[in-house]
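Only one chain is shown below, in structure tokens, and it's the form predicted alone.
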């Protein structure tokens, strides 16, 4: 923020206006004993010295510029073109919030419209809103939408057990107190057919992730088969997906999805310690009035020139709260703008290249790891850029050793969410991982499999 200096004369004039003798009198409500406590602060530093100290503290942290990353599980290390960060820092974008007045918000509205158009093209759906907080929120909003379409007569929500565990938790938070029954989470992992069973006449929706949380990629025929059964029961078919995968594989709109949503972070948004991210949300035009968030439309003005307006905005700021389809109060517009810039910069061929590189590098890594003694790649069927590996020792111990000894950020410990997958690691490989990094990971895993130090730690952990 800008520094605005005030002279002694300025202060005196302001105090005179409000009728107070001194600045200290502004704090007369604070007990005198507490007004000026002794502060144990270090000596004052110059700006240069402060920056040097902060840089030294920052250098003690690991970051993805200095370690190899094989961690995914919903947040992914993809390349972000420099143009994205450069453009979103422009003042007209960086400071813009809600385009309440269309006549003075044409730039922001057009950027939102372009984002929606690209999300529709990517997902194969007819309409898109201008984003939610994150993938979990977008998923929960899709469930709320399905419940509203059912007019409260359908009270069951079927969640795939391989839907992101945190997304499932957020759905539960959103629907608590609504008398909603959550089903499907006890189905066998990866068994789509098992989800059709709970989808009866009382079901509002079935939510499936593709590729799922364990990395498995279901074929269009498998997904269409489930979609047909869900629709036969009169329920919504909601598909959570990785947007990068859609650069290579069939979009959900082509195999019967009613809503396509997910985490938009892979599209031009940095990992940033977990946020802010954005949730993308696309649906059919027939149900657009039940969708949450805002939708920007293209029109013409009185002179016949192209213009943009808020066509639909079902949020509580714009209409009566009790009539709103959602009371979400922000939409991560800057993150959505970054996603639009990323998609425009990459183009359909660039996005396909990112998806192909991630796919082939992941399969290359999986092949090398599968050949190691003590490790087993549990990739049943197809997978995109993530796959499950059964490890010979606890994942937490392996990950700590990978980071401390090899400078590698390892995979996600699946045992924390799936007890049956104890000692199983979810590894992620993207276009950012070089052949040398993959080889280093494989060599490190091989070495750690026979490490006496890890064996000793494993024994201590078991004893505790």
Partner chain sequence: MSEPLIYEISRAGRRAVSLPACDVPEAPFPADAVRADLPLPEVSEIDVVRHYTRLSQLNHSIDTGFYPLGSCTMKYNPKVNEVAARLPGFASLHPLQDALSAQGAMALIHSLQELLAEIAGFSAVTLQPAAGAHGELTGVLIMRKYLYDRGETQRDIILVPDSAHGTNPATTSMSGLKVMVVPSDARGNVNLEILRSLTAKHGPHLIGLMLTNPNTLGLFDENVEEVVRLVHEAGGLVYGDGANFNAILGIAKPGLLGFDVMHYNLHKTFSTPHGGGGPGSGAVGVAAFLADYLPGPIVVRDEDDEYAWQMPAKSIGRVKAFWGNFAVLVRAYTYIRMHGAEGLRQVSENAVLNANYLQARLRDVYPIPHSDRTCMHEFVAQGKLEGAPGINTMDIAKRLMDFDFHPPTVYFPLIVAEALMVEPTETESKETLDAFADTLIRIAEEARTDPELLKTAPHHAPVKRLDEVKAAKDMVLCYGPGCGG
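Positions refer to the first chain, counted from 1. Here, rigid core means the biggest group of C-alpha atoms that superpose within 1.5 Å across both forms. Keep in mind the model is a prediction, meaning the values are calculated, not measured.
Omitted here: the form predicted together with the partner chain. The next part is about that form.
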At 4.5 Å between heavy atoms, only one of the stretches 155-163, 196-204, 291-299, 228-236 reaches the partner chain in the predicted complex; which one is it? 291-299
With the partner left out here, check for me: in the predicted complex, does some heavy atom of residue 151 sit within 4.5 Å of the partner chain? no
With the partner left out of view, is residue 412 within 4.5 angstroms of the partner chain in the predicted complex by any non-hydrogen atom? yes
Contact between residue 167 and the partner chain in the predicted complex at 4.5 Å, heavy atoms? yes
Give a yes or no for residue 224: in the predicted complex, does one of its heavy atoms lie within 4.5 Å of a heavy atom belonging to the partner chain? no
Sole residue of 271, 183, 189, 379 within 4.5 Å of the partner chain in the predicted complex, by heavy atom: 271
Select from 4-43 the residues with a non-hydrogen atom within 4.5 Å of the partner chain in the predicted complex and write them out in sequence order. 4, 5, 6, 10, 11, 13, 14, 15, 17, 18, 23, 26, 27, 28, 29, 30, 31, 34, 35, 36, 37, 38, 39, 40, 41, 42, 43
Following rigid core alignment, is the displacement of the residue 52 C-alpha between the shown form and the other one equal to or greater than 2 angstroms? yes
Cα displacement of residue 436 between the shown form and the other one reaching 2 Å, rigid core superposed: no
Any chance the CA of residue 25 moves 2 angstroms or more between the shown form and the other one, core superposed? yes
